[in-house]
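Just one chain follows, in the form predicted on its own, and it is written as structure tokens.
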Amino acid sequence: MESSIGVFDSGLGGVSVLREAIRVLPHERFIYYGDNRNAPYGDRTEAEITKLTLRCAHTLANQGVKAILIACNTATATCIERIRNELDVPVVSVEPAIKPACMQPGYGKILMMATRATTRLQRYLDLQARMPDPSRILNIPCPGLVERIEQGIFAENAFDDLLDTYLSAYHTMQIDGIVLGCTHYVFIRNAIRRYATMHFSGACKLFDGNEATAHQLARVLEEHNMASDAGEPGGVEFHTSGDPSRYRPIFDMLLRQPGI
């Protein structure tokens, strides 16, 4: 049997990246590991995030995976180079899609919604600094969103209170793009789009890095001659550090309901 690709996230969010990876690589087998017991990572220290991420990455590596996809922006910003240095398999990671957002025409602002950790870590700040006009990007830490999503809440009207807390200061601005800088946020894109439509002017186009990450994974597999040559569809095996009876049904639901 061919080796699987390991996919890691702090919790449920990485399933949004996994969906794209399955679409791009339908014949690959995946092992997903969500560290739901320790989610969210975004309010933890760099040392804590690094320790948790490395432990999970090594857990996947010990299962014999041929490559690892880090489907967590916070983990990427914190310790992706250390992960690559410690593991003997190719490692691909997701990053906030600020580049395509900044390519949008116009002079409006770009809101980059993410965890506290992502918005303050040097790797992300260096990425922002490479944009044509870094000042166009407004970094918005959004504590509380991941916790609510981890509870299995996805309704369009279930996040207005938190979104108002973080975004009400920008109601008078023209917003050309909103970057979903945490993979969890992809599952509430309808809630964010609804809020933006009610309160902002401008295009308010939403961006995430999931599709680009899936295509990068495909390129890396080809470069290392690791792409599956199986003729039948692959599959997914879910693991969690939390309660499997609670989280596995949510994993399955998120994987099969792309409208969320």
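Just so you know, these numbers come straight off a predicted model, no measurement behind them. Residue numbers run from 1 along the displayed sequence.
There is also a form predicted together with a small molecule; it is not shown, and the following applies to it.
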Q: Look at the stretches 125 to 133, 159 to 167, 180 to 188, 103 to 111 and give the one with heavy atoms within 4.5 Å of the small molecule in the predicted bound form.
A: 180 to 188
Q) Looking at the partner-bound form in the predicted bound form, is Val91 within 4.5 Å of the small molecule by any heavy atom? A) no
Q.
Against the small molecule in the predicted bound form, would Thr115 count as a contact residue? Criterion: heavy atoms within 4.5 Å.
A. yes
Q. Does any heavy atom of Gly34 come within 4.5 Å of a heavy atom of the small molecule in the predicted bound form?
A. no
Q | Gly42: touches the small molecule in the predicted bound form, heavy atom cutoff 4.5 angstroms | A | yes
**Q.** Single option in Ala97, Ile175, Val146, Ile83 placed near the small molecule in the predicted bound form, where near means a heavy atom within 4.5 Å
**A.** Val146
